[in-house]
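Only one chain is shown below, in structure tokens, and it's the form predicted alone.
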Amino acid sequence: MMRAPVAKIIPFSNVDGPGNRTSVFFQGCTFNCLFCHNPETIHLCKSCGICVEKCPAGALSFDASGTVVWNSTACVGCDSCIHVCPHDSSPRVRWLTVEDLMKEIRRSAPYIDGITTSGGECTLQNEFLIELFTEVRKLGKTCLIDSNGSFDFEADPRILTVSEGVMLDVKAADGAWSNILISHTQELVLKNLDYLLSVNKLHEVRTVIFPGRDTENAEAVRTVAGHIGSACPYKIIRYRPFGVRERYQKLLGEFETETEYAERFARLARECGAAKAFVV
């Protein structure tokens, strides 16, 4: 029976796709984005134990095998564990089966339009997602994938047959800034962008706009706009330092991107053909 590492479940969300949705965040990511708002989802826990001694509620301990165990009942949600973790991880991950997840989704089912899977990078759990989406659709609910584009959808399109589409992050134009920003190139991401468009499975595209990075922001926006045209919404997202690791805030900015500045790049996107570009 398959199990997948689940970092968090938000029963009701109106920012993760159309309507009211249950959002499932999976643990583990293929990128290391400097501006990540939830870096504790990047790696699996190494059971180093630093968080055990720092937990003020005594909700963390070691089991007989030396693995850190989380007591959800005792936990007060103070996030001390993720703040002291040196590995960009969390001890609060649950390894769930599809049926475990479905029990939680069914509680919300009468009040939601569907689910959105995120992370980390949810496509690391591709086989699990296929089974999960198959069950969710039996409830008459929709399924969306929030992805960084590191999974080759064209090479394995099965997940697209059981989902409504992908909310794709294009974080930069390919080049030096991409390597600095996410320690990865954008080649596969842009390949996915074109493929998802061709099969009508691109729900939306998002790009974060950083303060003072005129050249890098413009390159990313022009790249995306040149690919998508008016085919889908294009979210121009203002950078916000909340949750970003302190060691990267000086590089990226200690204050959020101003709306007026971000609007410049939304206008640029529309001028380059992305008619549905807007700032959030």
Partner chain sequence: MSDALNIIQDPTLTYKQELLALARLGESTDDSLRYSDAYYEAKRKGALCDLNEGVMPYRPRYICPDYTLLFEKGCRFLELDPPKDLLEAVNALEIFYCHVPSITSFPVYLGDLDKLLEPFVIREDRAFAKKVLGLFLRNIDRVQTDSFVHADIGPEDSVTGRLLLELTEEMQLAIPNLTLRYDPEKTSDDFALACIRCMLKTAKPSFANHRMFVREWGERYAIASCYNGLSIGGGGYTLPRLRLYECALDAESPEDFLARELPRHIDLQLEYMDKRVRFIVEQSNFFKTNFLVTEGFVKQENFTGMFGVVGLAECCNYLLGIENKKKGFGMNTEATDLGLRIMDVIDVRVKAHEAPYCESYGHRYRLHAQVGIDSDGMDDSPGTRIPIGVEPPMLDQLEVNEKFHPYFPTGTGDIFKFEETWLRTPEAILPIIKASLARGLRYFSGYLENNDVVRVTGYLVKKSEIEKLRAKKQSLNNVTVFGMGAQDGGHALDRRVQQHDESSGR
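Quick caveat, the model's predicted, so the values are computed rather than measured. Numbering follows the first chain given and starts at 1.
This protein has a second form, the form predicted in complex with its partner chain, left out of what is shown; the following refers to that one.
Problem - Proximity to its partner chain in the model of the complex (heavy atom, within 4.5 Å), stretch among 217-225, 250-258, 61-69, 28-36 - result: Contact-bearing stretch, as computed: 28-36.
Exercise for the section: Scan Q125, Q186, S147, S90 and let me know which has any heavy atom within 4.5 Å of its partner chain in the model of the complex. Expected result: Only one option qualifies, and that one is S147.
Exercise for the section: Only one of T142, S108, S80, T97 comes within 4.5 Å of its partner chain in the model of the complex by heavy atoms, so just point that one out. Expected result: After the contact test, the surviving option is S108.
Problem - Within 4.5 Å of its partner chain in the model of the complex, all of K8, D113 and G120 (non-hydrogen atom) - result: Yes.
Handout entry: is_contact(K191, its partner chain) in the model of the complex, heavy atom dist at most 4.5 Å
Key = No, K191 stays farther than 4.5 Å from its partner chain in the model of the complex.
Practice task
Considering only heavy atoms, tell me if K171 and its partner chain come within 4.5 Å of each other in the model of the complex.
Solution key: Heavy-atom contact with its partner chain at 4.5 Å: present for K171.
Practice task
Tell me, yes or no, whether R137 is in contact with its partner chain in the model of the complex, where a contact means a heavy atom of each within 4.5 Å.
Solution key: It does not: once its partner chain is placed as it appears in the model of the complex, R137 has no heavy atom within 4.5 Å of it.
Handout entry: in the model of the complex, residues of 1-34 near its partner chain [heavy atom within 4.5 Å]
Key = The stretch touches the partner through K8, I10, P11, F12, S13, N14, V15, D16, G19, N20, S23, F25.
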